[in-house]
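Just one chain follows, in the form predicted on its own, and it is written as structure tokens.
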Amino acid sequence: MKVRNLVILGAGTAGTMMANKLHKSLNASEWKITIVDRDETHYYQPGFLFIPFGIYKPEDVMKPKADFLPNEATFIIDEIEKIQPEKNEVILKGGQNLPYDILVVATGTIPVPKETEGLKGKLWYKDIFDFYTFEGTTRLAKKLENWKGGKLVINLAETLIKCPVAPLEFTFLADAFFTEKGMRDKVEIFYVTPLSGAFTKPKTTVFLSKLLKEKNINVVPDFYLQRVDEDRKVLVSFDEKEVPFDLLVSVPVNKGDELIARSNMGDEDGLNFIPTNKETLKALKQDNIFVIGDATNVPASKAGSVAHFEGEVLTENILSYIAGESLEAKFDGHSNCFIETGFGKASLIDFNYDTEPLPGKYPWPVVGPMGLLKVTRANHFGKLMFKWVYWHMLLTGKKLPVSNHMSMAGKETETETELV
């Protein structure tokens, strides 16, 4: 029997998880699994948020990627030149051509500061930082050690970003950090966003806006960043509004991997995300290509929880595809996100394509123990505990005790809230 090839591009969260799930589901005598990635080191990216504030150390978020991949799979460390769907092959920059019968694209998304004029210039990693990259967050940590205060601006260049709540979490943690250092009165914090409020979902926006106000954090909404005036240290919007800063923490434009553009597989807006069926997770234009995590253009959050929930659906649909059956498993856009609010507390939201975050208890009704749209210590401990879950369960493809479909159990509907 001829051995068929399943190739996974990307050994980050989504790619590693899929390698393990498919290794357990496929017959090794019939399928060869190959994973390709440019880097040897796996980063626990949710931990980047904590490094600037001394909650995590850099070594807490780093492990070798090979440690989490199946021993029987082939792991290739190389740059990917392009995908050739018409030939069912992937071309690597090292010269190797990888044929595939099924391709899983899990190439993620990255911040691209060069997309904004003046952002990555002479002030980059001096008075302007990101925290979505390992280099950015570690350099920012050193900056905050001795920063004397001034105008701290957290700015979203765009709304389509990895982990949409992380900028808010950074803002809340900065408030707590400077308060505990005894210098909060020396720091003005501004949250500058192209959104009309704190978040994309109405109920969550009301909840988070109240928290921002209580913490004396200034929100500048509807600010569409055009450029950074480095000489004056000012953000300038497309309608010429200005926000000055002493220290800028930027969330730059996010784009998919450039190999998607080189392969002519990206979406029409040029962000290098692959047009993907939002329910089956099959590429819209290719029959034997599936997409997961941040590499898709589905209208769900680009977050680790989404990749996990997609993984259950994608595994089932790949097995159906191999068996020649219709793809019956459907992803409903399920996402849940912890939101650190500082001082050892956090909130939690749970939602999908059709249902916005609601108050209630999670993951089990009545007992919780975590509260939705509430600020609790249990939520904070849940966020910290997730690091262990990530390394030992999520990456290794184990089934977590939560459904990949969003459940209404434990949630308070508008009708129930009105009756209270």
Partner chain sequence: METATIEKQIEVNQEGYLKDSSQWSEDWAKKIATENNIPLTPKHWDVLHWLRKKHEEGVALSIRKVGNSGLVDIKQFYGLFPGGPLKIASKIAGIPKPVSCI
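Positions refer to the first chain, counted from 1. Fair warning: this is a prediction, and the values are worked out from it, not measured in the lab.
Unshown form predicted together with its partner chain; subsequent notes refer to it.
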The one residue among L271, A329, I91, V220 placing a heavy atom within 4.5 Å of its partner chain in the model of the complex is L271
None of N336, T109, S301, T280 but one has a heavy atom within 4.5 Å of its partner chain in the model of the complex; the exception is S301
Among 159 to 167, 74 to 82, 173 to 181, 309 to 317, the region lying within 4.5 Å of its partner chain in the model of the complex by heavy atom distance:
159 to 167
Indicate whether I154 is a 4.5 Å heavy atom neighbour of its partner chain in the model of the complex.
no
According to a 4.5 angstroms non-hydrogen atom cut-off, is D267 in contact with its partner chain in the model of the complex?
yes
If we define contact as a non-hydrogen atom of the residue within 4.5 angstroms of the partner, is Q226 a contact of its partner chain in the model of the complex?
yes
Would you please decide whether Q96 lies within 4.5 angstroms of its partner chain in the model of the complex, comparing each non-hydrogen atom pair?
no
For 185 to 205: residues with a non-hydrogen atom within 4.5 angstroms of its partner chain in the model of the complex?
L195, S196, F199, T200, K201
